[in-house]
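Have a look below at one chain only, the form predicted on its own, in structure tokens format.
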């Protein structure tokens, strides 16, 4: 008989499964698994119509093996303590896997943002920030939030403004939150970071000959069929980069339904269609599917669930035909679904590593805020002048001139977005190889998720031991 797990229990189950493949002390493993600090708050906010509403909110710091803690804030009426604990724990492991020196944290406000005016949302966000400041749960060296489901640049701008007003003269105040507008200290490339990270991670897996041979697939991304569930920020950018990388996005699902086109779907055209009609359905050239969950069960090489958790479960997992499932969302597979898909020989590329693009680029933004200088400013012109000199020397020696388009590419110095994408690519490639090396070194490890957890546990445990807190 199958057991039902809460989201946090699912994370703990995955942790315990991986911990069995490590040699760390049981007490140390218990410390890594536990949530260090849980701040559950209630605060009143006056609404536009004059009534007072009591808002339920959370900020949870899962691990302080490295500081600051890092993790998004979500606005959703589904927010509860268990969910925020689970997401905070995943942030700890996610940061460790991609070698980002943060502990895990997460925040949530239990509201449906669509039901509030902009002014009401601003008051809620600013009051939440003030509550975090009061209890020392936010700061560039303490805990650094970011956007998550239901939040974005606007909310982060309100947070940094509130924090700076309550901490006058703090020179690194901009580093108290990431995902800000570029004009407020944000970094270019943050918006597409999670989707781009998903692409880099899956592309690296697809470039591994032995892994592809086991799955019965050709090496490389080109020509592979992809289904994306979700057309939000992550789903949109995942679809975009897969299409640009030579894959074919044959289906996209959203809450109102799903569409299919064997010839491929252009995500930007679909986005504009949805903007105009309010739905992805009836997109020119595509077929509407009976229900949105049907997209998960289509024939394809790669399935990217990029929306909410638990969309693939023990009921529908047996019907999932994709050979590779890339978890762009947090916890889109239940533990039961995981085991069913692994038994079928599919490769599940786990969330807490695959969707780490957002936190990786958040780390770059935080570094930018602490250094007070944008990436590329000090070296761009130097590189361009150097490249020009080298190119002129080669042209002089060969007596040939490089074509204008190639000349432009060779001479161009790196802008901030180029450096951010480069750093993200390096982080995802390195993490993929670290996980695969652990998995290949121990054939008893059943799946990539467990190998990823082993990687995270080893790094967090090493940090705890280096702190000397276990005499």
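Rigid core: the largest C-alpha set superposing within 1.5 Å between the two forms. Residue numbers count along the first chain shown, from 1. None of these values were measured; they are calculated from a predicted model.
Absent from the display: the form predicted in complex with a small molecule. The rest refers to it.
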In the predicted complex, the one of 156, 227, 312, 234 near the small molecule [non-hydrogen atom within 4.5 angstroms]:
234
Counting non-hydrogen atoms within 4.5 angstroms of the small molecule in the predicted complex, say which of 167, 123, 243, 274 makes the cut.
274
Are any of the heavy atoms in residue 86 no more than 4.5 Å from a heavy atom of the small molecule in the predicted complex?
no
Is residue 338 near the small molecule? Define near as a heavy atom within 4.5 Å, in the predicted complex.
no
Partner contact for residue 255 in the predicted complex: the small molecule, 4.5 angstroms, heavy atom:
yes
Contact label in the predicted complex: residue 355 to the small molecule, heavy atom within 4.5 Å:
yes
With a 4.5 Å heavy atom cut-off to the small molecule in the predicted complex, the contacting stretch among 372-380, 168-176, 397-405, 189-197 is 189-197
With both forms fitted on the core, check whether the Cα of residue 232 differs by 2 Å or more between this form and the one not shown.
yes
Rigid core fit then residue 331 CA moved by 2 Å or more between this form and the one not shown:
yes
Exceeds or equals 2 Å, Cα of residue 77 between this form and the one not shown, core fit
no
